[in-house]
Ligand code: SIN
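Take a look at this single chain in structure tokens; it is the form predicted on its own.
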């Protein structure tokens, strides 16, 4: 009888292979299936952000920050949502507290640079880089995430405990504001050093606690819209495009035998009257999903220019050496149909060529556009005027 080979839960990475294996093997054997600890995933890793910088970012009005303090003696948890100020940090104890800041990659280019190591995943699948700083004993308690996450240790040590028991209970505590698990029995425990990385698939119980001294972790989280979110947005998308004269009809109606009953025939007519994803043609499905996935979970959106730029003015500035930078809050994706190509940016759709659309998704900075056709030039102008591309003028030589 042939036995199935046990897959390792711990491997060793290298500069050439941060995952400890090829991306294809990782996706086949681990992605959304089982956890994996990669020792030395990033050899000699130096955090692209310092704790003081993270604390400063947490005080910005637009930052998504949380300060969590744990009273270990009484097992009480205090949550303070940002924006924070210096007084909040002055009141923290010497241990058992943590600071979490989401979307740090939108604020810091060096943190955003970490995402290049995850280019084996579709770019629209990546959500954000959350950075957590903790003093000894600091954490958020045992919990589950509804998305894939890569936990990269950046500073100090963190003790991680996980449970890969499929029968592990998932009930939450009712006495704390945080969504902590009421019961947690780990099956694996590790102490992570800088450069180590832990991958966890969705819905896996885990608990991370700073150990020994100050600790910083970079969490690369994935975008995982729920079926409810997908269905709701798709329903709205269809409703906006269906003509008002398409209504529920019942030309086959028979005399009612039970007053007020919604019978099987009525349910069948409702299914016919609600053409959801299964009934969508490719064009509409692509249009809806492209808009949705680039808008989903965006805390902010780029603002259009108060005074739109003319095509001639944009061309002159690009010819003079100006560069186009992608707005950090702009999410891009694109899709090609039989006769057209569309670029999606934070819920908006633009006509594009496949070559330029892919370039815009791959690169955060572009230069002169003299070789672009009319569609490409119109696209860049629209993206600039809608705020998705920021114009950086060329520096004058002294």
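Residue numbers count along the first chain shown, from 1. If you're wondering where the values come from, they're calculated on a predicted model, not measured in any experiment.
Not pictured, yet referred to below: the form predicted together with ligand SIN.
- Only one of 299 to 307, 151 to 159, 118 to 126, 228 to 236 places residue heavy atoms within 4.5 angstroms of ligand SIN in the model of the complex, namely 151 to 159.
- Contact with ligand SIN in the model of the complex, judged by any heavy atom within 4.5 Å, is made by just one of 326, 269, 206, 173: 206.
- Exactly one listed residue, out of 145, 108, 88, 135, brings a non-hydrogen atom to within 4.5 Å of ligand SIN in the model of the complex: 145.
- Contact annotation: residue 114 falls outside 4.5 Å of ligand SIN in the model of the complex, judged by heavy atom distances.
- Within this chain, residue 220 is remote from the site of ligand SIN in the model of the complex, having no heavy atom within 4.5 Å.
- Ligand SIN in the model of the complex is not approached by residue 293, whose heavy atoms all lie more than 4.5 angstroms from it.
- Interface membership of residue 130, defined by any non-hydrogen atom within 4.5 Å of ligand SIN in the model of the complex, is confirmed.
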